[in-house]
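Read the single chain below, which is given as structure tokens and is the form predicted on its own.
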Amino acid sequence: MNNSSKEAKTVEGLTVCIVGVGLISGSFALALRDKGLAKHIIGVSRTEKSANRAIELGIIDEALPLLEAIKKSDFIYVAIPVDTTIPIMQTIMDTITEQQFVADAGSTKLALCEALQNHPMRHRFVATHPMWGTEYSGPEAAVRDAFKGRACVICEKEKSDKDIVDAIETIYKTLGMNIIYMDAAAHDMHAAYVSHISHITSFALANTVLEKEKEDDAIFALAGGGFESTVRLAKSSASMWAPIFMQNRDNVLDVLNEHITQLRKFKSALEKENLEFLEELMHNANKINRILK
């Protein structure tokens, strides 16, 4: 339940726990430090190697087991594969107090929001998705000023206490992000169309080229900017993206079916040597210029 009586949460000098020390969480930690929002950052990682590397890179100040990290933190930020987020988040919510607050950065929102909807500490959690990423992973992938000018979706705002919604909004806005509000189901549908299908297409195109072009040297020598920009997402982590596709399965299948329909139209135009239809398909696609400059 949204509680408007709580005092505004201070968002400077926080002790922050980041669960996951990879691309998103690492970039988030660097931004918090650069903006003076965090005085101490604790990392929780599956592997000692990643934790040590995050310390070496100045992303975190120390690494601790989850429960120890939670108890020392004001703010817990979870950015791990979505299939492991729900059980980890349930542990976090079982552990936190009314003085702490939690946010996640997952690319799917509905499954997590449904899993936590009846938790007695649900009001201390804000479901978010900063719409930024690259094809790289691990602590080394973290970059500064990653979120500036990007959108951040906040879901089910009304189920979180006002003081922590205000705090999360302030943090993301300080990082240069634009806030968008959606319900969790709408978020997952739109994410399937603007993000998830791009990754599936890239994985499929990479597999197509690898299957048909047997000479690695030829791919390297002839691949131009268009191919590189289209297929670069195929370098993304399978352990991160496979759970996203599965958790958002219905929406991804819907957009994938439409994508296949569009590919068949191009195939038909070529098979029938229908230049007019082929140009019509491309002219229609050019309308994206109205949205993406």
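From 1 onward, residues are counted along the sequence shown. Because the structure is a prediction, the values reported are computed rather than measured.
Only in words, not in the display: the form predicted together with another copy of the chain, which the text now covers.
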S45, T95 and Q117 all contacting another copy of the chain in the predicted bound form, non-hydrogen atom within 4.5 Å: no
Of A141, A204, I86, A185, which one comes within 4.5 Å of another copy of the chain in the predicted bound form, counting heavy atoms only? A204
Since only the chain is shown here, I'm wondering whether T170 would be in contact with another copy of the chain in the predicted bound form (any heavy atom pair within 4.5 Å). no
Mark Q90 yes when one of its heavy atoms lies within 4.5 Å of a heavy atom of another copy of the chain in the predicted bound form, and no otherwise. no
Would H199 count as a contact of another copy of the chain in the predicted bound form, using a 4.5 angstroms cut-off between non-hydrogen atoms? yes
Quick one: is S236 in contact with another copy of the chain in the predicted bound form, heavy atoms, 4.5 Å cut-off? yes
Segment assignment from 155-163, 185-193, 119-127, 68-76: heavy atom within 4.5 Å of another copy of the chain in the predicted bound form: 185-193
Quick one: which residues from 141-176 get a non-hydrogen atom within 4.5 Å of another copy of the chain in the predicted bound form? R150, A151, V153
